[in-house]
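Each of two forms of one protein chain follows alone as C-alpha cells, named structure 1 and structure 2.
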Structure 1
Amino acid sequence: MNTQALGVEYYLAGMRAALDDLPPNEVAEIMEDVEAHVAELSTELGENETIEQRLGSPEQYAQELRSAAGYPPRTERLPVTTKKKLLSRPRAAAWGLAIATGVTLLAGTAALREPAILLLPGVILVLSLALVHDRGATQAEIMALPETIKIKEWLTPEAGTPAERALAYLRSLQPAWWLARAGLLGLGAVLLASRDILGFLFVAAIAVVSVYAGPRAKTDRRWLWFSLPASALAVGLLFQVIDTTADNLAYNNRSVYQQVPSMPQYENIYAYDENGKLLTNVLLYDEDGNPINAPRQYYGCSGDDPQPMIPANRYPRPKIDYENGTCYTVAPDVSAPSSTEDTPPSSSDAAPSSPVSPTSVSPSK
C-alpha cells in the first residue's frame, strides 16, 4: 500500500475513533460519504501537503460533521453491561431474506397454477427489508452477524484448491445467469398470459427488474432482497416447466398406444316384427327425426351410368347389380341373414320367395 493510501486510512480511522460514541449504524452512514470525499481529496494534494492541512485533524473534521448532522457533542462511551438482544433488527432482516427465498423457491413450483401464492414471500421480503433499509447500502450490521460471517467462510475456500477455482468460475458466469434468469421469468409470464393477467404482469415486471438488480446487488446489498428471491422463483418455474413437459410427453405416449374402439359399419338393416316376420320398406329415423342412413356403395355405377334413387333410410335395401353397362336393382330376399340367437326368425313364419332377377333399367323410387 502506498503512502497516500496509508494517509487516507489513518485519517479515516481517526474519524471513526472520534465518532465511536454514536450508534454503529449512524457512524456507518456518516463515513459512507466521507470515505469517498477523503480519497478524492488525497489525489489533489500537493507534494508536501497533507489531508490535515486541508480538513483539519480527524477529530476536528468529525466534530464538524457531527454538528452538521445535528448530533450532540462527543461523550465517553459507557461500557455495555446489558446482554445483546437475540432477535435484533439486522438478524430479523437477514432471516427474513433467507426464509422468503426458500418460500419463493417452493412457490415457484406452483406459481403457474396459482400465481397468488407469490404474495406470501413478497410480504416477508417487504417487512424484512423495511427493518434495515435505512442502514445504508453496505448493510454492515448484517455482514457482521455471526451467521453471515460463517456463510462467508463457507463461500471462501482456500486459494488454489479445486473448490476455489470452481467458485471463481461460477462467479464469472453471473452475467449469463442474470440473462437466463430473466428468460425463465419471461417464459413463466408468457405461460400465465392466457390464464391470469395480473400474474402475467407481476412475473413480467420481476423479469424486467431482475436484469437491473443483478449487477446492482454487488454494490448495494439492499438489492439482495430482490435478486435472491427472483433467482429462487426462476428455478422454481424451471422445475414446474420440466414437470409439466414430462407429464405431457407421458400422456402423448399413452395416447399413441391406446386402442380406439371401432364402431361397426352396416350396409343393410333387416327388421322383424314380434312374430319373426321380415318387414319391408321400413323407414328408420333417430330421436331428432333425422334419417338413419347406412353407407351405400354402388360398384360399377359411375360416370354417366344412372344410379338408383333409393331412400337412404329405407330398409332392407335392394341389391344393386351391374350388368351390360347398366345398373339394376334386385329386391332383397325375404330369407334375410339370421337374427340374434335370442329371437331367431322362423322359416315357417316368413313367406317363401325367390330372388328377383334383374329387371328394369330405370332406378327405383
Structure 2
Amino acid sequence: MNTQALGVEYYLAGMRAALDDLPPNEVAEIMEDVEAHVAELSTELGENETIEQRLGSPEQYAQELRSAAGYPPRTERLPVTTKKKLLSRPRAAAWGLAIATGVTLLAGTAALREPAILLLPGVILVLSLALVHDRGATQAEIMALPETIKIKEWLTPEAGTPAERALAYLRSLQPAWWLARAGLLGLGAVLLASRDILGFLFVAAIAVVSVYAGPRAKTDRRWLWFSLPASALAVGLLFQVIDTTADNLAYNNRSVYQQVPSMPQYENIYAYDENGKLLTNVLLYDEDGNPINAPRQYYGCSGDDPQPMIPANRYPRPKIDYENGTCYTVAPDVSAPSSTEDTPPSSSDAAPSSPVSPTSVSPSK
C-alpha cells in the first residue's frame, strides 16, 4: 500500500512537471481529474503491476492528454522557473488562511466590544484567497504542500485506533456544528444589534452564509477561507459570551447581597413633630409624587372586609388584628410603638430623645 501510495505521488509529480508550461488554473483542473484517476486505478492494480504499465509514463500520459485536449505541445521552460520556490503562492495562501483563522479566534473574543477588529483577519483572508482563487476547487497545490500533508497524516490515524474512532465520531458531528456555529454567530449579531448596526449586519451575514459554506467547503476547498474563520469567530464569541455571563452572575450576586432594600424591614412608620407629638394620617410620597408604601401587605382580610380602604402610604398604619378569621383595625398605640426597634422613639416614652429635626414629608411637586 505504501509503495503504491509513493508510486501515485511520484506519477502525479511527473505529470505536473510535464504540464507545468500550461496556465496554473488549467493545470489545477487537469490534476483534479488525474489525481482521482490515478488513485482509483492504483486500487485496481494487481500484485506486481505498476501505474506505468497501465497508463504509460507520466510524460506519455501528459502528451496524449495534451493532444486530445488541444493544448499546444510542450514548451521547455527555463530551469529557473521550474525550481521550487520556498514561498509559492499556494504556501502563502495556506499560511494566510491559518494566521487569519488564529487572528479571528482572538478577535472573536473582543468582537462584541469592537467589531471593527474583524476587518484585520478579513483583509488577510481576502488577500490570501486572491492568491489561489484561480487554482481550482480542490486546491491540489496546497494539498501537496509538505505542511498540509503532515496535517493530513495527523488527522488520519490508523484505522481501528481510538484516535481514529474519535475523529470519525467528530466528523459525524460536523453538520451539527455548522448549525451550532450559525446559532453562535447569530447570537453574536443580536448582541451587537443595539450598539453597532454595521457590526450587526456583518456578523449576521457571516451567520447566514456560514450555513451554506460548511457543506460547500467539502466540495470546493476555497470555501475554507470562509468556513474556518467563521468557526474561529463562533468559538471566540462563545468564549466572550461565557466570560460576560460569568461576570454578570458575579455582579448580580454581589449586588443582591449589597442592595438589600431597607424598606422591607419596616412594618410601620411613626412620624413625630418637634414636640414629640405623634403625627397621624401622614401621607408619604417620594420625589416623583409616588406613594411610599411600606411593603407589608394586609393579608387575610377577605372581600367582605368591613374596614374602609386605607391608602397604603398613610402612616402610621392601623394595626390589623385577626380574630375569628376577621380583621379589625386597631389605632396604633401612640405612646409606645412596638415591634420595631428602629422607630424613632425607641427610648420607650413619648418624646424622642435625640434632637432630630422633622423631615418634610410633603409631595415635592
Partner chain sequence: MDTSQLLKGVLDLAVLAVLRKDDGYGYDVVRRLRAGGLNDVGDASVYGTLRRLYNAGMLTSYVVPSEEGPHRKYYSINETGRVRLAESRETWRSFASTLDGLLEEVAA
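Computed from a predicted model, the values in this text were never measured in an experiment. We call the rigid core whatever largest set of C-alpha positions still superposes within 1.5 Å between the two forms. Numbering runs along the sequence of structure 1, starting at 1.
Answer for which single form is the form predicted together with the partner chain: Comparing the pair, one sees that structure 2 is the form predicted together with the partner chain and the remaining one is not.
Quick one: once the rigid core is lined up, does G276 have its C-alpha move by 2 Å or more between structures 1 and 2? Result for G276: yes, a 2 Å-plus shift.
Per-residue CA shift, D21 (Å; core superposed between structures 1 and 2): Taking the core as reference, the C-alpha of D21 is shifted 5.4 Å.
In Å, how large is the CA movement of Q60 between structures 1 and 2 relative to the superposed rigid core? So the C-alpha of Q60 has moved 11.2 Å between structures 1 and 2.
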